[in-house]
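Take a look at this single chain, the form predicted alone, given in structure tokens.
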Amino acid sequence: MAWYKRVEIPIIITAICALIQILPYYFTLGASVEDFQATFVNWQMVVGTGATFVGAIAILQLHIPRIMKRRPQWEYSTALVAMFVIMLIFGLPIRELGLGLDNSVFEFLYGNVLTPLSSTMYSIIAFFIASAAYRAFRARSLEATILLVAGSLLLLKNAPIGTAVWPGFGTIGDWLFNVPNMSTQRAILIGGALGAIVLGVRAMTGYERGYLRGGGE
């Protein structure tokens, strides 16, 4: 195997890049290291921008064959590719040709197509959340009963009719939000942070290889 294909190479690069970002937070390493760290942040933005193009290419590779072979729901793929091309062309920052984010066609499509579709998706998600809450708020056990009571009190606290009927709902709702809810959120954040630290250490030491060739050797 050629040396540049060895799996240790990306692991070493990952460990070095991670240490350059982590060590300046705990040690004073000088202005040159901090400047190098800032340069790495800019590199990360460049790589993230490149990943956007990779995602766009992946979308086209998925939908163009579906259109050509007339697979089920190929009409939706046609609309997607057409809007993709139109938004891409009219959004190019070429002022000499009248293109860019302030182009009238781009602004029309963004304000009258993309924004309403995004609002519709969020509305659908709200209905899913409501149905999930209905299923969860069934007092079939002690835990479900506590959840039902707490959720009902918070709803009465946020609904104007609740505090209008009895102002105490506001006080109880604030206590539930600031004490039990906050303590639970902090516990989840601490657990998530510990998990992220462990995952980072495993990635830097080579034990976590999920980002390398699907985890293979």
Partner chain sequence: MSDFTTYFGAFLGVLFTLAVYSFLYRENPWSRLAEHMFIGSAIGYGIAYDLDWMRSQWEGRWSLTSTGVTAFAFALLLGLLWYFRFSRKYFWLYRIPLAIITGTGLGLAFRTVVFAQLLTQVKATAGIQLVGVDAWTAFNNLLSAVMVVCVLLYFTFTVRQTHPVWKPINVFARYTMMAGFGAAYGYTILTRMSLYIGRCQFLLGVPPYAPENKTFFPWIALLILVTLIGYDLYVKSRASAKT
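Numbering follows the first chain given and starts at 1. This structure is a prediction, so every number in the text was calculated from the model and none was measured.
Another form, the form predicted together with the partner chain, is not on view; read the next lines as being about it.
- Give a yes/no on whether residue 124 approaches the partner chain to within 4.5 Å in the model of the complex, heavy atoms considered. Output for residue 124 is yes: heavy atoms within 4.5 Å of the partner chain.
- Message: Just checking whether residue 88 would be counted as a contact of the partner chain in the model of the complex - the rule being heavy atoms within 4.5 angstroms.
- Response: Answer yes; at least one heavy atom of residue 88 falls within 4.5 Å of the partner chain in the model of the complex.
- Item | Proximity of residue 67 to the partner chain in the model of the complex, heavy atoms at 4.5 Å | Result no; residue 67 lies far from the partner chain in the model of the complex.
- Message: in the model of the complex, is there a heavy atom of the partner chain that lies within 4.5 Å of any heavy atom of residue 77, even though the partner is absent here?
- Response: Although the partner chain is absent here, residue 77 would touch it in the model of the complex, with heavy atoms inside 4.5 Å.
- Item | Stretch 99-118: residues contacting the partner chain in the model of the complex, 4.5 Å heavy atom cut-off | 101, 106, 108, 110, 112, 113, 114, 116, 117, 118 sit within 4.5 Å of the partner.
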